[in-house]
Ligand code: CIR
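In C-alpha cells, the next block holds one chain alone, the form predicted on its own.
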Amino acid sequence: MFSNAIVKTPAASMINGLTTAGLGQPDYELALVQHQNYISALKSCGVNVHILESDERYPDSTFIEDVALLTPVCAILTRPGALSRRGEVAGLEEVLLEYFSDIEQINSPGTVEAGDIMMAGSHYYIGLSERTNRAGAEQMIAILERYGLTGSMIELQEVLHLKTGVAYLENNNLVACGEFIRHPEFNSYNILEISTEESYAANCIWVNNKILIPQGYPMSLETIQSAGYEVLEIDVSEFRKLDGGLSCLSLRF
C-alpha cells in the first residue's frame, strides 16, 4: 500500500516539451486543471500528496516519475537519457531526504528513466530503450540487489518507455498491450490485454486497490473492471501530447 505521492506542478514551458506524439501543442491552462484532478484522484486513494512547485527551466519536469525510483527501502536518483531533463534530478534529492535515509544515484555512462522500470513485488523489470541504456540498468540492478531486491532487463522494440505498454496491478494481474502481451518475461502473470486501438490506456496505475486509467478508453475500462478493480478515469489529454501518461505524473511510495 502507498502512503505518499510526490507530484510536480506543470510549468508553462511544458508547451515546448519533448514529444513524438504529433497531437499538437498542449493547452497549459487545461493541463493545470487536469493535474489538479489527478492530485484529487490520488488523495481519494488515501495517499498524502506532496506538491512541488513548477520549474520553468525544465519543460518536462511535471513527469516526475522519470527522475527517481522509490522502493520500500531506498530512493534511487536516475540519470535521464534525455539531456534536457538531467538538471531535474538535483532538485529532487532534498525533497526525498524528508522520506528516505538511503538515497542512491545512477552515474555516467549509465542512463535510466524510471518510466522504464516496473515494480512487481520485490522484483523490478527495467526496459532498455532510447532513454535507458544497459550500463544504467546494470547499475540499477546492482543497487537493488544491495538492498535485497532484484531486477532484470527487457529490450523494448516499439514503445518509448516500458510502462508505456505494461502495468502491474498487483494480485498477479498485468495490463499489457502490443509487444508485451506474449512476452516470455511475463508468462507467469494473468494478462489483461489492451487493444492496439486503446494502447494509451496500458499506462495505468494501481494505488491502494484502485486503478487510475486515462479517460476515454471504454474497452480497457471494462477489461480492468472485469478483473474486480474499482477504476477511476482521469483526463490527461494534454500530457498525452508530450508522450506522458498517468504513471509519469507522480512518484508513489
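The first residue of the shown sequence is 1; numbering continues from there. Quantities reported herein were computed from a predicted structural model and do not represent experimental measurements.
Another form exists, predicted in complex with this ligand; not displayed. Remarks below refer to it.
Consider Leu18 of the chain shown here, and say whether it contacts this ligand in the predicted complex, taking contact as heavy atoms within 4.5 Å.
Yes, contact at 4.5 Å.
Look up in the predicted complex whether Asp243 has a non-hydrogen atom within 4.5 angstroms of this ligand, and give yes or no.
Residue-level check for Asp243: yes, a contact with this ligand.
So in the predicted complex, is this ligand close enough to Leu160 to count as touching (4.5 Å, heavy atoms)?
Residue-level check for Leu160: yes, a contact with this ligand.
Just checking whether Cys248 would be counted as a contact of this ligand in the predicted complex - the rule being heavy atoms within 4.5 angstroms.
Yes.
Partner-facing stretch of 34-42, 186-194, 56-64, 210-218, counted where any non-hydrogen atom is within 4.5 angstroms of this ligand in the predicted complex
Residues of 56-64 come within 4.5 Å of the partner.
Going by heavy atoms, what in 123-145 lies within 4.5 angstroms of this ligand in the predicted complex?
The stretch touches the partner through Arg131 alone.
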